[in-house]
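Single chain ahead, by itself, as structure tokens, in the form predicted alone.
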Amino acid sequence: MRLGDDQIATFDEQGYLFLPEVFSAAEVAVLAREVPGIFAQERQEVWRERDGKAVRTAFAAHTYNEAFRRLAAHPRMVGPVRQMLGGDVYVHQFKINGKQAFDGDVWQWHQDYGTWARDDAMPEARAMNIAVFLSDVNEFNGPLIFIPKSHTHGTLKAGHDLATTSYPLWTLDRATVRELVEAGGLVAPKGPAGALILFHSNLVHASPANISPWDRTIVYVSLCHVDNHIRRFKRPEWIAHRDFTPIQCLADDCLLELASQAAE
């Protein structure tokens, strides 16, 4: 998949690009059927909410699950990022965010690159996030919220929040968020399972708690240019990866091939 000039211009201006129909229902099914089994595992990569039960995020699933290994090397995900970053990329971070019905907690206002710079010593914001919807995302089940154009402000001052949720995060203060929203507004991309969002690593974003009866499952893959790999190994390898090998894309039908193999 290759982006057009108009799509790249939209990304550069707004800080994100929403593509509503990237993966088919059959491809989503291959991935979605793996999620309950991953979430049920008692392993360090599966991070739970403060109740100790609901899954907040499952890190590094591509290292221990074949379906998500294939997703991490899918050309429809990797191709556009290579195009926009100008070369080979590696997986810096991979996570499945659960945002489970009734119990999915808030993700505070933050920039991802702010964390990668402070905790991982990533030299520049030459990295990008991809979000893949594995369930329908609506206004009720904790959609991702962006502040458009906030990526143009560079890396902003942040505080290390260790108490609000179960997962520590470098977060922005209310005055900063208010100022950014007054300038850029707010958007919450919503759509069916199979949609994809590309967003800049300095784009300010958050998501509210999910108090609806519908799960909201999104896969987030953070890809970094290989020359921009992290220099500090402070966090566990399953959070901030240390394998900087360029991704070799699989065939476009790799997920459907897996479904065919399972049916045999």
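Residues carry their position along the shown sequence, with the first being 1. Predicted model only: the values in this text are computed from it and were never measured.
The following text describes the form predicted in complex with a small molecule, which does not appear among the structures shown.
Asker: Sort through 120-128, 75-83, 97-105, 179-187 and report the only stretch with a non-hydrogen atom within 4.5 Å of the small molecule in the predicted bound form.
Answerer: Of the options given, it is 97-105.
Asker: Is every one of L3, F18 and H200 in contact with the small molecule in the predicted bound form, taking contact as a heavy atom within 4.5 Å?
Answerer: No residue of the spot touches the small molecule in the predicted bound form.
Asker: Though the small molecule is not shown, can you say which of W214, Y220, F39, W238 has a heavy atom within 4.5 Å of it in the predicted bound form?
Answerer: Looking at the other structure, the residue within range turns out to be Y220.
Asker: Would you kindly say which of V132, I147, L144, V89 lies with a heavy atom within 4.5 Å of the small molecule in the predicted bound form?
Answerer: Looking at the other structure, the residue within range turns out to be L144.
Asker: Just checking whether H110 would be counted as a contact of the small molecule in the predicted bound form - the rule being heavy atoms within 4.5 angstroms.
Answerer: Heavy-atom contact with the small molecule at 4.5 Å: present for H110.
Asker: Decide whether H225 counts as a contact residue for the small molecule in the predicted bound form under a heavy atom distance cut-off of 4.5 Å.
Answerer: H225 lies outside the contact set for the small molecule.
Asker: Taking the small molecule as it sits in the predicted bound form, is N210 in contact with it (heavy atom to heavy atom, 4.5 Å or less)?
Answerer: No.
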